[in-house]
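Below you'll find only one chain, the form predicted alone, shown as structure tokens.
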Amino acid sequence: MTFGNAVQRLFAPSARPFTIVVGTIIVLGLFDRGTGYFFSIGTVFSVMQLFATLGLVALGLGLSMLIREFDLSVSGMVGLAGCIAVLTGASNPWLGAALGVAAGLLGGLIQGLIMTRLNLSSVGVTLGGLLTMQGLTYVLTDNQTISYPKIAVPLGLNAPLAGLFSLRSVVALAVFAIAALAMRYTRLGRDVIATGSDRRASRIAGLNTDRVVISVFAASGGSSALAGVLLSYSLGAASPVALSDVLAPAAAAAIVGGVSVIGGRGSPMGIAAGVLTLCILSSGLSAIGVAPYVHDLVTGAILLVIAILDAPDLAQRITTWQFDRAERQRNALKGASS
């Protein structure tokens, strides 16, 4: 295998998320210069705590992007589900968690039904869903932070396991594993990719694309709701403004994770790698003493490079540009010699 072929394989869309996360670890390790602040158990634990929340939201949003849609309501669902869990789970945390996740599934299901039955864009429907969920959250909490009385629950969720994980990060990893298996080995997973690649052709071929859209948005709502439940329980409180700004990081994580904005390409494991990249950047840069705004700059640079690499016919454009440039130079030399 030649060096060029190796580089091409490393930066192929399917392998790129894992190349980026490994490259991020190497670069931050070099900046750490052997001080041990980055390569530490505390940093790994911090990364996984961030992953537990951002990962589940990015997974839900990424699934909607796979079918060429965009679920704007994920950030609203995080806050609503967390508040429902805290309000209803005072005596039984399992009941609160179940009701919070059920609210997410129901919210996604309703939005999917509205889109498919009325043939509406996901952006408009989920924007309405986002505003509705935020309004409901403010009503339920009376615009105040509400505390959760069972202190044993946040202690249990945040207790280190093997020094690297917590119970909520293990739950998030398990959800990603289930999603990866479902996408790879079930018919629904293949239908999701087919719907995102060409919905019209899939419908002509006999695929019930409406069912796929509804299922994906229900899964997106459930995944985001689980993130809100775990976060609120782990903090021992719920707030109407908790993680209201999670949408942009989740979208960035999905794109870094190889999900195409035009649908039909991506995987849960790729999304997990994208989330890890952002979490490693956030915790790693903090560990080595870099200013927080650098995280946004680096993330933006990565997204820009990915956008360039994903540009249609990039290689052909570069070749054409190089040919035109060489042609202009030859013409200039001919003109000078004459």
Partner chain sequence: MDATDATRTPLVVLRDISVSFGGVRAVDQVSAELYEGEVLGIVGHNGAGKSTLVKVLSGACKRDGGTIAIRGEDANIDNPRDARRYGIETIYQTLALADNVDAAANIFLGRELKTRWGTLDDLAMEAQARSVMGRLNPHFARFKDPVKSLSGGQRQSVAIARAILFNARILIMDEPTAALGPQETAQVGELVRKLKAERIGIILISHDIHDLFDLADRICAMKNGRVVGTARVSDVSKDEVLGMIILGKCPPGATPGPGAMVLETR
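All of these numbers come straight from a predicted model, not from anything done at the bench. Numbering follows the first chain given and starts at 1.
From this point on, the text means the form predicted together with the partner chain, which you will not see here.
- Contact annotation for residue 263: at least one heavy atom lies within 4.5 Å of the partner chain in the model of the complex.
- Contact check for residue 184: a heavy atom falls within 4.5 Å of the partner chain in the model of the complex.
- The partner chain in the model of the complex is approached by residue 200, whose closest heavy atom lies within 4.5 angstroms of it.
- At a distance threshold of 4.5 angstroms between non-hydrogen atoms, residue 255 is out of contact with the partner chain in the model of the complex.
- Look at 67-75, 156-164, 201-209, 221-229: in the model of the complex, residues with non-hydrogen atoms within 4.5 angstroms of the partner chain sit in 201-209.
- With the partner omitted here, the residue from 193, 170, 241, 140 that has a non-hydrogen atom within 4.5 angstroms of the partner chain in the model of the complex is 193.
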